[in-house]
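Okay, so here's just one chain, in structure tokens, the form predicted alone.
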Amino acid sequence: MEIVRIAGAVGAEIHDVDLAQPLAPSTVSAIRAVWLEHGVIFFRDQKLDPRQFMDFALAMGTPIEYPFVRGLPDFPQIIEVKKLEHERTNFGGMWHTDTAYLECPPSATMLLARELPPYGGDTEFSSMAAAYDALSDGLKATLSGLRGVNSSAKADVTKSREDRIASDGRADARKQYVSEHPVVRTHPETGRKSLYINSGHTVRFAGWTEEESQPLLSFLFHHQQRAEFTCRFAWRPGSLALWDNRCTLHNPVNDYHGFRRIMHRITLAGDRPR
């Protein structure tokens, strides 16, 4: 494998791997090591049908279903992340980590590009380990005992899934999921600390009101987006991204109105944040 970093804090492309073929355990271990080091990894020109996509997911973890949107008929853990020509809002269109409102959020997310607009539709990623490291010692001490309250019903993120729920919504979805997680999360595999809040889901600190929480959360949300913590990925058909949902944020850029963008997504089971 050839590893090419794409930014200083997060992101690397892996070349010379065909994910359509069965992967040797040593290859899976090598991919996992690069992923843990860089937070998000990218593969190009992968010709995968849903079965092959699922096989790669199974090599990396345990696929799980998304609570709000139905998956493909034969592969319920694969959902279509799409924006159609007439739609103006893109799915998950803000900085966030996936489903932080669950008690055990996914450890990872995989996204495979199926159909893309002629321009735009990039995804940005940000390292929350780098964001945490850049905080002052005083603020780190303040955050160390705090827990964030995360909800699936924040207005911006709710709006971003309306089109998909209308077309592909699950009948068994709850109206709202809420969970509390540490604001500073320790990665269970690397031991690194990272910020574990996000503007899509975190509504307040546990034991604080929303009004009291807002000034500090606003500062942290802005801090998470600093350019030096980020990378930006330009998709092509067959591109695949695998990101560590425990220590990265992502933001799909909504700059392609009038065009179709269709991706396939799988999330992998995770543990309770600590």
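Counting begins at 1, following the sequence as shown. What you are looking at is a predicted structure, and each value in this text was computed from that prediction instead of being measured.
One more form of this protein exists, namely the form predicted in complex with a small molecule; it is left out here, but the text below deals with it.
A residue is said to contact a partner when one of its heavy atoms sits within 4.5 Å of a partner heavy atom; residue 91 meets this definition for the small molecule in the predicted bound form. Taking non-hydrogen atoms only, residue 202 never approaches the small molecule to within 4.5 angstroms in the predicted bound form. Heavy atoms of residue 11 never reach within 4.5 Å of the small molecule in the predicted bound form, leaving it off the interface.
Contact annotation: residue 243 falls within 4.5 Å of the small molecule in the predicted bound form, judged by heavy atom distances. Heavy atoms of no residue among 113, 232 and 260 are located within 4.5 Å of the small molecule in the predicted bound form. The contact with the small molecule in the predicted bound form, taken as any heavy atom within 4.5 Å, belongs to 81 out of 130, 157, 184, 81. Looking at 171 to 179, 194 to 202, 135 to 143, 96 to 104, the stretch with residues near the small molecule in the predicted bound form, meaning non-hydrogen atoms within 4.5 angstroms, turns out to be 96 to 104.
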